[in-house]
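Below, in structure tokens: the form predicted on its own, a single chain.
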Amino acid sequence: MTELIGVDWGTSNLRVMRLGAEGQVLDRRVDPRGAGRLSADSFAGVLDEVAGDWLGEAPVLIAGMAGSRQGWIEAPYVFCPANAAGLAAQLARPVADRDIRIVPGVALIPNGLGDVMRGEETQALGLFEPGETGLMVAPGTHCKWIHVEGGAITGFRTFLTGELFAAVREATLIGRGMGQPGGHDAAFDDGVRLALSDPAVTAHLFNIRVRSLAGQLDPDGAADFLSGLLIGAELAAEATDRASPVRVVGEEQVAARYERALALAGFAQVSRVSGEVAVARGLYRIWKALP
């Protein structure tokens, strides 16, 4: 039995899921019309096209960029610490005559607006039980490190690792002729260890060119070394508690890279979880927390 229609509307893609008890995914449909490609007045039509035959079965709850300023309707931000009940209390309704709601984002305000996220907060609340404590790492263009304590998001930090990797590789002298990453684990490990031992990452970026000139890095190895450096810089900034459970959510290849780097940094309890499973459980928990 369908209890909730869960929607994960990212910048690049749309996933609509029929959810049963505890957020179990009964069925799903995926569409390439992400929020970044749509105008505000086209979201309703796209949702109807993708899953119109499901929409009468249960209420609809949407996470992600559909709630951004450039999305369907701007949902508010909830400040840390943020739990399922706090998010449920601030759900936005894009249309008045349909049972469709959008999950708010989460903001961190240490001294003014420090950081924001939309979508990852739902995954984090789906990954950890209400009384559980741990760390979620969500690799991507902008990687999120999210701290959860007692089932509430207490803090998080965003790293532009994926975007910076692409920029260095595609638009700098250092990246000229650089191949594809993924085939040279030793070069990746060297990059991670170097960043962990010395925070001078911009100096190490130039070292890619030096190593290449010296014949110590081939083009593909250079890409892996760059990847290791940038991911290692994240670890150097966040590796304060290596004993807590860490759950990595992301595409298989990049998630595997983070798992490898976390192990090199000494994190003992690292596991990988499907993004679909995380967001489905999070949507279900937020819905059940409605006042």
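Quick note: we count residues from 1 along the sequence shown, nothing fancier. None of the values given here were measured: they were computed from a predicted structure.
The same protein has a further form, the form predicted together with a further copy of the same chain, not shown here; the description that follows concerns it.
- The contact with a further copy of the same chain in the predicted bound form, taken as any heavy atom within 4.5 Å, belongs to 237 out of 263, 237, 256, 55.
- This chain lacks the partner; the member of 133, 154, 90, 216 within 4.5 angstroms of a further copy of the same chain in the predicted bound form by a non-hydrogen atom is 216.
- Using a 4.5 Å cut-off to a further copy of the same chain in the predicted bound form, not one of 44, 48 and 100 places a heavy atom inside that distance.
- Interface residue remark: residue 96 is not counted as part of the site for a further copy of the same chain in the predicted bound form, having no heavy atom within 4.5 Å.
- The closest non-hydrogen atom of residue 186 lies beyond 4.5 Å of a further copy of the same chain in the predicted bound form.
- With a 4.5 Å cutoff on heavy atoms, residue 115 counts as touching a further copy of the same chain in the predicted bound form.
- Looking at residue 249, you'd find every heavy atom of it more than 4.5 angstroms from a further copy of the same chain in the predicted bound form.
- Of the candidate stretches 178-186, 80-88, 122-130, 142-150, only 142-150 has residues whose heavy atoms lie within 4.5 Å of a further copy of the same chain in the predicted bound form.
- Residues 142, 144, 157, 158, 159, 160, 163, 164, 167, 168, 170, 171, 172 of 138-172 are found to place at least one heavy atom within 4.5 Å of a further copy of the same chain in the predicted bound form.
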